[in-house]
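Okay, so here's just one chain, in structure tokens, the form predicted on its own.
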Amino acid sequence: MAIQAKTRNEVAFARLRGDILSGRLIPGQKLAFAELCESYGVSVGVIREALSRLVEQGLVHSAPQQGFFVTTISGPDLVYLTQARCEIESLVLAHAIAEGNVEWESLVLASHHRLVNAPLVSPEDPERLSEEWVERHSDFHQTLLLGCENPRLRGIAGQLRDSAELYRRWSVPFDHEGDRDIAGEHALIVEAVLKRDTALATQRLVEHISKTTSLLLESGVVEGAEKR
């Protein structure tokens, strides 16, 4: 019975998170318990647990006496989040390069290979990231930092990446414009990591993180995304 309950919780959490990241539930939207329970076919307790986990990831926020809402995205928050990610993730990557072993290098190569072979966008909607790519992209960035021996630093970096997922979803249409090569950016990071070139690897990671921010700020979509 415990296994079944855990499975229901995990499925509900994954579906709710996916609906937020896919844009089915838009930034600023109120998340009513009754509607969510009916939509996902689970109890209030299961939904409450899922929402609590999403609050921890920065995808949902709660307001006293008002309930839960999909996190609203904004220009200032994006700038602060990007600054924090660049500072923390470059620091953790530097530790990973200094402390990671050959097994870590193998994991980096394997996670990159899986990412390269995942479709970037959903076949049903080219303006939505595919669930497979989202999962493998998260795994790739997590694996990059896995060589760092400090779990606290890795945990902070992971929380910041989770918070950035909502912004990444809204950047998809602009990633296809111009000459951005996301796969190429990932490949260049891996190349520098395997060379143990800390300065170059952290520089490329920062550039990769910052590119999405630049695209969103230049497009003006960040402030108006709630109405899209």
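Just count from 1 along the sequence shown to find any residue number. What you see is a predicted model, and the numbers here were worked out from it, not measured in a lab.
Not on display, but discussed next: the form predicted in complex with a further copy of the same chain.
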item	value
Q203, S39, S163, S43 - the one with a heavy atom within 4.5 Å of a further copy of the same chain in the predicted complex	S163
Contact residue in the predicted complex, chosen from R48, K30, H61, R196 - any heavy atom within 4.5 Å of a further copy of the same chain	R48
Contact test in the predicted complex: R53 vs a further copy of the same chain, heavy atoms, 4.5 Å	yes
Distance check, N150 to a further copy of the same chain in the predicted complex, heavy atom within 4.5 Å	yes
Partner proximity in the predicted complex: S219 to a further copy of the same chain, non-hydrogen atom cutoff 4.5 Å	no
Residue contact check: E10 to a further copy of the same chain in the predicted complex, 4.5 Å heavy atom	yes
Segment that reaches a further copy of the same chain in the predicted complex - one of 130-138, 72-80, 117-125, 103-111, heavy atoms within 4.5 Å	72-80
4.5 Å heavy atom contact with a further copy of the same chain in the predicted complex for all of I88, H95 and Q159	yes
Those residues of 108-123 which, in the predicted complex, come within 4.5 Å of a further copy of the same chain by heavy atom	none
